[in-house]
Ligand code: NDP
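Here you get one chain, nothing else, as structure tokens; it is the form predicted on its own.
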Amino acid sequence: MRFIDAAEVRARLTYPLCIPIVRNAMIAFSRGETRQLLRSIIPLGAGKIFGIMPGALGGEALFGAKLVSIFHDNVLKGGPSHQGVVVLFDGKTGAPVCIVDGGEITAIRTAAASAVATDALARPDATRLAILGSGVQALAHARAIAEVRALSHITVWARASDKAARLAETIGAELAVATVAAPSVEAAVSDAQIVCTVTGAAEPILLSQWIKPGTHLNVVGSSVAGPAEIDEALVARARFIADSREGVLAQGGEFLRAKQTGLVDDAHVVGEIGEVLAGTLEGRQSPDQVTIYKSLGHVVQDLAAAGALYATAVEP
């Protein structure tokens, strides 16, 4: 059995490689060409969960599962919040063939999926990015969004101002884009045309009144029912597109809060990003429209990315 560790994933799964892989995977998902179940989530205590995500890419292609732990407190200690493995099985023989580090796969494919959504939903002239959060996904999203838009300015906010400052310095140096740390969420998004929320917030940190018309948002940090990064008014205001409609109706924290208050119903989730990419669903409808891509993360993204690495792996 082949094992692909975190270092190999980082070295080989580049954003130019991963973005089209995720794009094609989400089109296949929305066309019903893949097979998967809703993720199973086992709570392990405050800020700690274990997730099991099984799926198949269809036909005799690879199938398998991601097993992932999410421990938000790890971020406070300088460690990763998401850790796990992606296990691949051969679609012809049924044999397990590869184990891939799931933490690195998750970090890269999640940001790649947001880049795919940004390319499809953000205004073509959007160049100003705001990132809320300072964990692994913050830097990953800056790298990925820079692949699909010519960024002119990036603003970073985090609860810990020192982390925000260090992250801004890192992003600015790596991407050669003017990057600053903002003192508040409101300040961070005040001029943004693209916003990525990648926090572990349990309660909304981003309010609708701070978002300018025409902004696109990638809402990423909450992957279960309960925690929410944005308020109900922002959900209701936006054209709301999911990675998986079934997933968001069952587990999308921000959407479910807005639904509980009566501001929206299930029809507010107008469809999936795969439908937009395939041309069967309209994405942005006007320059001033606010769009939201709600990312829960999906196993077909993991399987497609891990499968690409496995298919091109060189035996040690």
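So that there is no doubt, residue numbering starts at 1 and follows the sequence shown. The structure presented is a predicted model; accordingly, all values stated were derived computationally and were not measured.
FYI, the form predicted together with the named molecule isn't displayed, but the following is about it.
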Tell me, out of R149, H82, R245, R128, which residue has a non-hydrogen atom within 4.5 angstroms of the named molecule in the predicted bound form.
H82
Which residue, K212, R159, R239, R143, has a heavy atom that falls within 4.5 Å of the named molecule in the predicted bound form?
R159
Should R109 be counted as a contact of the named molecule in the predicted bound form, where contact means heavy atoms within 4.5 Å?
yes
Should T199 be classed as touching the named molecule in the predicted bound form when contacts are defined as heavy atoms within 4.5 Å?
yes
With a 4.5 Å heavy atom cut-off, would you call K163 a contact of the named molecule in the predicted bound form?
yes
Exercise: V75 in contact with the named molecule in the predicted bound form, heavy atom 4.5 Å
yes
Tell me, please, which stretch of 118-126, 216-224, 175-183, 230-238 lies within 4.5 angstroms of the named molecule in the predicted bound form when heavy atoms are compared?
216-224
Even though the chain is shown alone, can you say which residues of 285-306 have a heavy atom within 4.5 Å of the named molecule in the predicted bound form?
S295, L296, G297
